[in-house]
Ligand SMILES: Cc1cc2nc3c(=O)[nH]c(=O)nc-3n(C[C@H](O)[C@H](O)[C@H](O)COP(=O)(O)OP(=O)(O)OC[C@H]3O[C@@H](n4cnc5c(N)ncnc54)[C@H](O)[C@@H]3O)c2cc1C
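So this first bit is one chain, no partners, the form predicted on its own, shown in structure tokens.
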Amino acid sequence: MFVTRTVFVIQDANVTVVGAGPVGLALAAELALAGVSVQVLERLPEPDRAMKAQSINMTTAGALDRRGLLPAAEKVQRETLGRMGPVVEGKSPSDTRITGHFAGMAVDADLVDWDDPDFVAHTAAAGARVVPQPELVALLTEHVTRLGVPVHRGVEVTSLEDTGDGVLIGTTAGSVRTDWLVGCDGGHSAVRRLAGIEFPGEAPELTGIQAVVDTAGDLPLTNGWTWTPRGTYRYGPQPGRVAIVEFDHPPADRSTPITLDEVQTRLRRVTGLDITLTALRGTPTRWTDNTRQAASYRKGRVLLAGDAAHVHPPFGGQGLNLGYGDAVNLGWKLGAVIAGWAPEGLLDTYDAERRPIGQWVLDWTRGQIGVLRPDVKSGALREIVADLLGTRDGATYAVKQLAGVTQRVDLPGNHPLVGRYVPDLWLRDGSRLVDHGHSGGFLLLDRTPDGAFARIAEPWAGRVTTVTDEPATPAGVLVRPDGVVVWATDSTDIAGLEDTLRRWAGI
């Protein structure tokens, strides 16, 4: 793992990103590819190894794929599945049909219609799903290091002043000026607080703990989630991994270190069993159902992404995936504004496009809390949801939502690809369209016999990479740097292409 440390006073930059988690690192990488100077400030002196998201969805895997990071992510998946042992929730390590769960109810992979067009369109990303958050951070740290992005650790932001043409930042390592400041510093974001951005939502009501434990003997627990009158718990899939949820009240202080005695007491209380734990392995985590969304993702020269912009219960790692989507959406847009070929108004589309997806994730996780509760009414609802998940249509619907393959941006255009993330478009030379976009920028697929689309895009040659191919369907596709298709056609008609290029790729 590459770990950079602050050994000199931090420098002025076009963009300063606060937070070196997966969202901050992904954003920094996109900005570097856009050609702007960017630096990352991180409060923690070392990368966080706490147990958090254990996997990514197809949308995030697709974003890694677009930057040439898919082989590295696939390697992480192989290693992670190998550590989990011969069986992972009924699947062998070689089985990449990752389904996930809804409120602890695992979806049976054998029920899912894997021939659904939404899955088939993103087959390449299926082999890079089991990427735990610490491993993703390590992968992205190497990525930004290759791009020359400095990551200053042990630096805390203490003040900020938006001067209209930039931001003055006070830190524990000195003051720095930046043109733009982006808070990717988590649910307790200092950037959001110092910028005065409101964070409305619902206060927490429960306490959840996740840990890997050693015991005096075998734990008398079955793999998966179990409900009791006192709460719910999960054992597995790794040996010794437990998750415990109690609904009596939120923790007094989430930052208090989790002790072996606390995990044992909570596990005994929820299971009703006299379980004796002997040690904690790794760094356990504490979480709640705190659910909030920032009133605005931007205030002047200050922007928010990831948990700084939205928090919710952590089921299925949805927060990681949601934040990663924020990063790739914002990165190229902010880079375009700084480069001068896009107006500042382009940044308005960041909030407009990402807020609805954030609202959906908040509701998706709210619903799971409602089903997860141990009371009689929630139990009855849980049985109904379990019946639905036990059907082919229900299982397919749930996994499509969890995988992110149905996400779309509301954009003008009648073609079914418009607004969706670009699928696996294979070319005659055996490559895919996304293989030509590892350095960022727009991608234009031209399958016309005479190169009609390529000629239209010539004025944008510095921003748009045109890939020609033999005639096929779709005949033409224009993809933004974040992977969203903004124009597509099944014919050789050039209608709308030039206007779309002007709208998104500048003049």
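Note that this is a predicted model, so its numbers are computed, not measured. We number the residues from 1 along the sequence you see.
The protein also exists as the form predicted in complex with the ligand; that form is not presented, and the subsequent description refers to it.
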For the ligand in the model of the complex, the stretch among 160-168, 340-348, 71-79, 313-321 with residues bearing a heavy atom within 4.5 Å is 313-321
Are all three residues G224, V245 and L372 in contact with the ligand in the model of the complex, where contact means a non-hydrogen atom within 4.5 Å? no
Check A461 for me: does it contact the ligand in the model of the complex (non-hydrogen atoms, 4.5 angstroms)? no
Mark Q54 yes when one of its heavy atoms lies within 4.5 Å of a heavy atom of the ligand in the model of the complex, and no otherwise. yes
In the model of the complex, does D289 have a heavy atom within 4.5 Å of the ligand? no
Look up in the model of the complex whether A190 has a non-hydrogen atom within 4.5 angstroms of the ligand, and give yes or no. yes
In this chain shown alone, the residue from E156, D179, D435, D118 with a heavy atom within 4.5 Å of the ligand in the model of the complex is E156
Which pick from G358, G186, G335, P423 sits with a heavy atom within 4.5 Å of the ligand in the model of the complex? G186
Only counting heavy atoms and a 4.5 Å limit, does any residue of 128-150 reach the ligand in the model of the complex, and if so which ones? Q133
